[in-house]
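Just one chain is shown here, as structure tokens, and it is the form predicted on its own.
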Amino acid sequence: MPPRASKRKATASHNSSSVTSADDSPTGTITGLDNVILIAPSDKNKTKKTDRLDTLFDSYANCSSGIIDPEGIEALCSDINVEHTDVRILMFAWKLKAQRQGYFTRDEWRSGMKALKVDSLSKLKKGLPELEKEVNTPGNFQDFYSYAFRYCLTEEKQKTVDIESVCELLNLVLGSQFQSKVDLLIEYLKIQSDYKAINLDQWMGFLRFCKEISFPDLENYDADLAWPLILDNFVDWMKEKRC
């Protein structure tokens, strides 16, 4: 954090010639107070808020790395009475724009908490329902859904997520909205043997399928509309299952 600007009180000399008034100055300005640093009230408030955010961050950060690690996140979750596997923690990571799964940097923490307009645990806890509403708006949910997949890419140049993790993630982010579809999709993913991992295009296809395709009749599913092949196979499996 940048150091605070110091505020020094100006002291005028008894010799009136040491300070020239605005009327006497040829430029119409006050001279002799060049070293005084003025801090606007709004700047002081911002500094205090950043200090509170940093203090809170430091209470969960690893002393060696200087970032909040998985252990710190679990401690945070405990303090706000939310399971670390709760989808709202993933939403919180999305709001922080966290780049690495299970880790929050100081800059991510500051920007995310400021965006949430919270600077304490009690405010964060109260703000989670509003965050959930924000995520579930049509304009944000697709971005959150895409982020959830990218957040699971923990290795450099990793492009896919293993089937087991995808099944857990599907249930976490889509289960509450499309439970019947998600349950059957997960069932299929677990028994099929063609795919050991899922890429982002396939992942986004799952969301489109859940939003657009009538269920369970699947009448409006058209395999010619460039669906990922894994969904063509899923629909074939569904039709066979009904016979």
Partner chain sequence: MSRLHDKGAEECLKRERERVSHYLHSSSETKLVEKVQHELLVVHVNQLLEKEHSGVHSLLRDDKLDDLSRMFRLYHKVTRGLEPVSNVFKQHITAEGTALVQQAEDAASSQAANGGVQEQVLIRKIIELHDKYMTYVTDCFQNHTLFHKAMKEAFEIFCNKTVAGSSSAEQLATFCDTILRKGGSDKLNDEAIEETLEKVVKLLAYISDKDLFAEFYRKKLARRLLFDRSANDEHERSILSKLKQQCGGQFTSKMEGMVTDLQLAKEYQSSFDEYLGNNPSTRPGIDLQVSVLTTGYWPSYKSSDINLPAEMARGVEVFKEFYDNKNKHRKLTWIYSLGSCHINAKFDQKPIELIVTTYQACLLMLFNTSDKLSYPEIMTQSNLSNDDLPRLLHSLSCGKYKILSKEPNTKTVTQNDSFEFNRKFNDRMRRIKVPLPLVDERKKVVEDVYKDRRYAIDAAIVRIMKSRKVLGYQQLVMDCVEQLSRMFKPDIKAIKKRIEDLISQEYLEREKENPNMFRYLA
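Only a predicted model underlies this, so the values are computations on that prediction, with no experimental measurement involved. Numbering follows the first chain given and starts at 1.
Another form, the form predicted together with its partner chain, is not on view; read the next lines as being about it.
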Thinking of its partner chain in the predicted complex, which stretch from 66 to 74, 174 to 182, 201 to 209, 50 to 58 has heavy atoms inside 4.5 Å of it?
201 to 209
For the three residues 195, 226 and 232, verify that every one has a non-hydrogen atom within 4.5 Å of its partner chain in the predicted complex; reply yes or no.
yes
Is there any non-hydrogen atom of residue 236 lying within 4.5 Å of its partner chain in the predicted complex?
yes
Do residue 159 and its partner chain come within 4.5 Å of each other in the predicted complex, heavy atoms counted?
yes
If you apply a 4.5 angstroms heavy atom cut-off, which residues in 119 to 138 are near its partner chain in the predicted complex?
none
